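In the block that follows, a single chain appears as C-alpha cells, in the form predicted alone.
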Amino acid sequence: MDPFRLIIDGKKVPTKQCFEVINPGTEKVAGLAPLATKDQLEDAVRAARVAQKSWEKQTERKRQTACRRIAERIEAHAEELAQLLTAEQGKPLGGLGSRWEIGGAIAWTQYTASLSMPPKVLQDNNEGRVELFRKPIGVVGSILPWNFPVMIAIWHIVPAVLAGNAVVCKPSPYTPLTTLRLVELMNEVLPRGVVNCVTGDDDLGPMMTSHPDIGKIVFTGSCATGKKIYASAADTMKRMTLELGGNDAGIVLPDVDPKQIAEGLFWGAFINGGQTCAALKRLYVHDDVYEDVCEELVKFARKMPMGIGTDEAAMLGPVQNLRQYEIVSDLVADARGKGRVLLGGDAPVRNGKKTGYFFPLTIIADLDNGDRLVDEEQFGPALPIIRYRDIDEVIEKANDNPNGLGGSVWSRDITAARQVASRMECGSVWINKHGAIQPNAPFGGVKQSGVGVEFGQEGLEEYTDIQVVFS
C-alpha cells in the first residue's frame, strides 16, 4: 500500500513517517497518510505566502474561472472521490452519503464562483469621494473535521481562493485521504502554492493557529477545540471563522400531522448518522401529539438499513471513530436509566472483535433538560425526545444551552412557526425541516457555537479585510 503525499507548492511531497487511516466500517486500514513535520508546515506556509502575492493580482474574473475549473475537476473525479471518502469516513456511497457529499461540493463550488466583491462607493459629492475595497487577508489556515471532509474543505478553501488568499489546509487525522486527493486536483488548475495540504496528528493545529504568517484561521469542529484555537490565535490577532458544535433543538407544535413530518424529523436528526453540527439533537414535542410523533418516527426509523458504506443498500454507516463511538455509548447508557427506550439503545458487545463502529439507531423518550443526552451534544445516532405542554416553557428549555447553531419549528401554521422561530437563540432556524443549509444563505452560530459566518456574500467577505479610501 503506497502512502499518500503532502501537497506543498504544487508538488506531492513524501514524508519520513506515515500513519494508518482506519475504515470505521471494517476497522481495516483504508490508506496510509503522510505525517508532516514542523519544517514541512513551514514550507507550506512559505509557499502560500509567495503564491498569494501574485494570486491576489489576478483579476476577480480569472479567479472565478479558476474556481469553476475546480468544480469541473471534482466532477470529473466524482466517483473516485466518493469511493475514497466512503473508505475512510464510513458513510454510505448512496443516499445522503459520499456521492451526495461530492455532488454538494461541486454545487457549492459553482455557486461560490459566481460571487463578486466590487468596490462600494460610500460617498461621491462636493465634499469628496469615499470608496470601500475588500482586500485579501493573505494566508488562510483551514482546519477540517472528520464528518464531511470534502464538503467542508470546499466551504473553507474556495471562498478563500476566490477572495485572493492562499490556503494551508489540515484535514482531520481520521479522514485525511480524500482531502489530499481533492487538493491535488485543485492544483491541476491553480498556480502552485495557492492551496497546500499538510496532514498529521493534532500537534499541527496549534502550530497553525499561532503561526505569525497565517492571517486567518477557519475551523469547523467541537466547541472545546474552538476555544483553544481562539486563545492560541490571540497573540497574532488572527481573523477567525469558527463553526463549532451545536445541540440543535426542534420544537413540534400541536397542530402537526405526525406521519407527515416523520421523514423530515428522521433525516434532520440522523443525516450522516447524526454526525452533523447542525443536526436535530433535542426534540421537544407537544403533549397532544407526543405519543403519535414518537410512534411515527420510530416506524420510519425501523426502515433505515445500516451497513458498510460500499453496500449500495445501506442508508446509514458507522460512527466514524472509536472515540466518538464511546462518547455516544456513554450518553445512551446514561439515558437508558432515565427515559423510555423506543428504539435501539444497546451498544453491541465488541469483546475485542473488529466489527466496525456501528451503533444502532436509538430513540429515547421521556427525557428532559438536565439529562446528559439532552444537555450534551451526542454527535451520533441517538435522539432524545422531551414532552412539553406550554410554549413559553419549551422555548426557554430550547434556549437553555450554551450552544446556538440551529433550530427548527414544526407546524402547519407557518405564521405561528415563524413567531416561535424568532424567539429561538440560534443562528439558523428551519420550519418543517432541519439542517437544510444553502450556499446562498449565511450560516453560523451564536453563543458558544462559533464566530463569524460561512456561505453566500457574507461568508465570502469573511476572507477579506476592509480598506476605505478617501479622495
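This is a predicted model, so every value here is computed, not measured. Numbering starts at 1 and follows the sequence shown.
Note that the form predicted in complex with a small molecule isn't included here; everything after this is about it.
Check your understanding: When the small molecule is placed as it is in the model of the complex, which of 161 to 169, 225 to 233, 257 to 265, 74 to 82 ends up with heavy atoms within 4.5 Å of it?
Key -> Selected range: 225 to 233.
Practice item. Flag Lys299 as yes or no: does it have a non-hydrogen atom within 4.5 angstroms of any non-hydrogen atom of the small molecule in the model of the complex? Key: Output for Lys299 is no: heavy atoms all beyond 4.5 Å of the small molecule.
Review point. Taking heavy atoms only, is Thr109 within 4.5 angstroms of the small molecule in the model of the complex?
Key: The answer is no: Thr109 has no heavy atom within 4.5 Å of the small molecule.
Check your understanding: Just to confirm, Glu101 within 4.5 Å of the small molecule in the model of the complex by heavy atoms?
Key -> Glu101: no, not in contact with the small molecule in the model of the complex.
Review point. Counting only non-hydrogen atoms and a 4.5 angstroms cut-off, does Pro384 reach the small molecule in the model of the complex?
Key: Although the small molecule is absent here, Pro384 would stay clear of it in the model of the complex, with no heavy atoms inside 4.5 Å.
Check your understanding: Is every one of Val140, Cys197 and Gly456 in contact with the small molecule in the model of the complex, taking contact as a heavy atom within 4.5 Å?
Key -> Not a single residue of the candidate spot has a heavy atom within 4.5 Å of the small molecule in the model of the complex.
Exercise for review: May I ask you to choose, among Gly205, Gly94, Gly215, Gly344, the residue with a heavy atom within 4.5 Å of the small molecule in the model of the complex?
Suggested key: Filtering the options by heavy-atom distance leaves Gly205.
Review point. Ok, Ala249, Ile157, Cys277, Leu182: which has a heavy atom sitting within 4.5 Å of the small molecule in the model of the complex?
Key: Here the answer is residue option Cys277.
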